[in-house]
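Laid out below as structure tokens are two forms of one and the same protein chain, each shown alone and named structure 1 and structure 2.
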Structure 1
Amino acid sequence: MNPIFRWLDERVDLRALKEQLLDRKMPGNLTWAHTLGSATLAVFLVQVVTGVVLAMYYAPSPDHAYDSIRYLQQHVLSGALLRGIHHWAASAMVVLVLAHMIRVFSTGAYKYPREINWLLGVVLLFLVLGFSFTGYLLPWDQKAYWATQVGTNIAGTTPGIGGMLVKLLRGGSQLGAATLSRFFALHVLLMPLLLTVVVFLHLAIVVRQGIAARTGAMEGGAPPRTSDPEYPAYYKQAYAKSKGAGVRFYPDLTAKDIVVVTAIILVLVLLGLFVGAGLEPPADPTDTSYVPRPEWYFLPFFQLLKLVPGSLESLVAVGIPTVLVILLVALPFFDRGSARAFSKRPIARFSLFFLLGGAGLLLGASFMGEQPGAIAAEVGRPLSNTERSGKAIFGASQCGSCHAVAGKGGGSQENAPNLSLIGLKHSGAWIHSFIENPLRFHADSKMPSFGPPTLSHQEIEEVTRYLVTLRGPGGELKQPEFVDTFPELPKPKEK
């Protein structure tokens, strides 16, 4: 025996540990999908290693954050590579966690006795999303700043506690230095700690319970429901039988794990090397024309927000995540049929396809929305409150009966221009003056004046703020070329 192993074994009983961890017997149904959990863990370790190096160069203050990242990118050996890997690994974590959950869901592995581990898994999912949300702000570039602005705004629409939540997230009413310190602390201190603890519990339970047996092995002659009093005894005996295959964690499952993990790390290095992580211009809180884009896995959610009418937006923004959490948490407690095979669980099958299909369609739609040709009504972000009330006034004042916007409305006045791209054509100042008194611009204008008393100055300004968001697909990236010509002011009368 290896002398080091023996020395340690005499002192800390290494052999028992090895038997418990490495030699543990497993049901003989190990598929490639069983590697997803350990792959997620491996990518987390990649994040720890790359994250520690990034933190060594990072300065968490609005004055220095951006420059510290740029310095890292340009002057630190492999700095850009490490940041690229960290960036792509963050996406990989989300994908792997979801894939792992889909595997567990479709094989019914969350059922008795694994309810607790499912719940811990749900906590891990949200921790991973929290990591992504807090990490996104740290480079303090335009993308970081505005996406966080939107994200915290959405939290602010929560009924009752919204205002408090925003303050808590931002460390004040505005997004600024306090927010950055806060997100940094969460990202590098609290979340890694929490994640480590929860992962440890998650794995300890996996070791104690053993991984779920092949679906068929637990079904023959099973009581119909896992809540039936005789189910635990049945489970114990059926599970023991399924372990007879003689498969062991090491080397049977670890061999597959190593292949998958190596492949993933290779892909991450290639992405880090050849694609890297972008860095936009530094955050400019005064540039309200910037259109934020969230990380791609939040896009289906944003697309959904774009589809619902303005009045329902805040309901959906808070409602959907809440319902999702409730469903995930409740799942192992209300789904107590003992059937585990996906083919025997029509509701589970339908729900999964519905969720995945819906998210896929929304993601597709959100990518399409950026392609030229398809007209996205508004800039690719949820409207601010002012813009939203401007949109409401636009509707209430029948502007849409003459003017089409993104293929909707128009028709009752044939000369009325389509306003889908008005934000690229005219400045806010021009639009405001025009709405107030079109006749001043064109003596024979067919557009009625909306100046007071029809609409107040405040209302006209709100409509204007809405109209300047109409820039079409990708418009947020275009530099508007205004063709404003103001009518000459009437000459002072000569006496």
Structure 2
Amino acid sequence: MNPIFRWLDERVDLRALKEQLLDRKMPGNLTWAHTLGSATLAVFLVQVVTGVVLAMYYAPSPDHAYDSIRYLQQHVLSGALLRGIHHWAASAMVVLVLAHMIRVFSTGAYKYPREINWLLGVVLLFLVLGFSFTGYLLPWDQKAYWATQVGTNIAGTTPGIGGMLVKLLRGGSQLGAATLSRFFALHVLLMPLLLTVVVFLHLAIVVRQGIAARTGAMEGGAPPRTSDPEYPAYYKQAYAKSKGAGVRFYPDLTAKDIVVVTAIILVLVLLGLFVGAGLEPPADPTDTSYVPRPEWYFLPFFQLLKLVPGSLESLVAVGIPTVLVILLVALPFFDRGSARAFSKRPIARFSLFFLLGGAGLLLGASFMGEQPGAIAAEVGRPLSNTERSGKAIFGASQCGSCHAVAGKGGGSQENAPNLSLIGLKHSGAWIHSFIENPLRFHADSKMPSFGPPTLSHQEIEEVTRYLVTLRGPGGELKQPEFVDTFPELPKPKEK
């Protein structure tokens, strides 16, 4: 390999590159918390690799998106595992970026000369949240559809430009095929490109400036404020002194990075293998009773919106994120004190504890206050137009006031059977005949006849087509066991 290395070294100066990236000295006594940046980068690479594979099987259209996800999970080798890893890695990225920013904030590492890197970190945080929001819709199940509906509605409360934002996000006034295509393009094309550029700039500045030293090494004899003319010279001297007793980036620091990254990837694989990524029933725009529940990292904000009066909801929905962004961006420019230790910054301590404590309380309240909106699947595929029409007639005829379906409805009529599994018990012909004339099957039936003129034969057939899809979770794989009994029709009287 020596001739090849020499050939490359003469052209791209590999030795100098190795000295700048691997052999550089780092400040001493760095903690395990300094591995959070490397861990975030590693999880991002996991997202890229698993996302590329998932995109090969995904069809970004409402008619095929859900089916493509089910096909991936049920028929592609390790498809369910890859989707599970991708799902949990999204949460891991949010956790790691937040933890990294908390470490930077608590150690004052956003101060001179690292203001630009702090701003890049803020951009990274919101790009990661944008990744989560745009990826949310792609499975095109109930949770994806209705949570995105709520999210885009919140954007619509922005004064002056709310309507334009909704149309920009949805690709029109309604959430549909244009929205799914737009979110897919943002999720797999634009946002990865933006995140790659920001990460590259972030790493380039870290390599140029070095990793932030421990707070104690940068405080002894420091001028009161970082804006003082003497502070740059003090910082340069103190940082050089901190590296005097330091270690090399490779192999000393990279050993810690490898341990943490390996542990995180192992956890993601185990979560993907044993927990996986959930998939609710297919998106149904007509099911307005569904209660959307976003991912856990959006729950505190959604819970806060529930607690404020309706007249203030728009102000809170737009105002709090705006104020938070302004504070994060302005932080390194108005906090110019040279003290970096968390114990010496009471305002910083109060602010962090207030934010984390408030978010924790709201998160806990959201878990305790209501159960997830998911219910047992009625059918494991999108309904056809005929079946969807039958479901609409089923609802308009108030059938759900007596009969329960997938955990909803029922209760107002005694002995009214639960229809959640009717597709496994009766054929379409039996269901059609029973709806037309229940008294033919049970002389004491309290169910009224829905035959003409109440419903036309076509409408009854549409309701029947919907009812035969009701087989419960995984019902499409179960073998029906019909218990149909057709009573004899009365014989015509002899003349």
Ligand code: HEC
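Source: prediction; values computed, not measured. Residues are numbered by position in structure 1's sequence, first residue being 1. Whichever C-alpha set is largest while still superposing within 1.5 Å between the two forms counts as the rigid core.
- The form predicted in complex with the named molecule corresponds to structure 1, not structure 2.
- Once the rigid core is overlaid between structure 1 and structure 2, residue 439 counts among the residues whose Cα shifts by 2 Å or more.
- In the core-superposed comparison between structure 1 and structure 2, residue 422 has its Cα shifted by at least 2 Å.
- Relative to the superposed core, residue 26 undergoes a C-alpha shift smaller than 2 Å between structure 1 and structure 2.
- Core-aligned Cα shift between structure 1 and structure 2 at residue 450: this is 32.1 Å.
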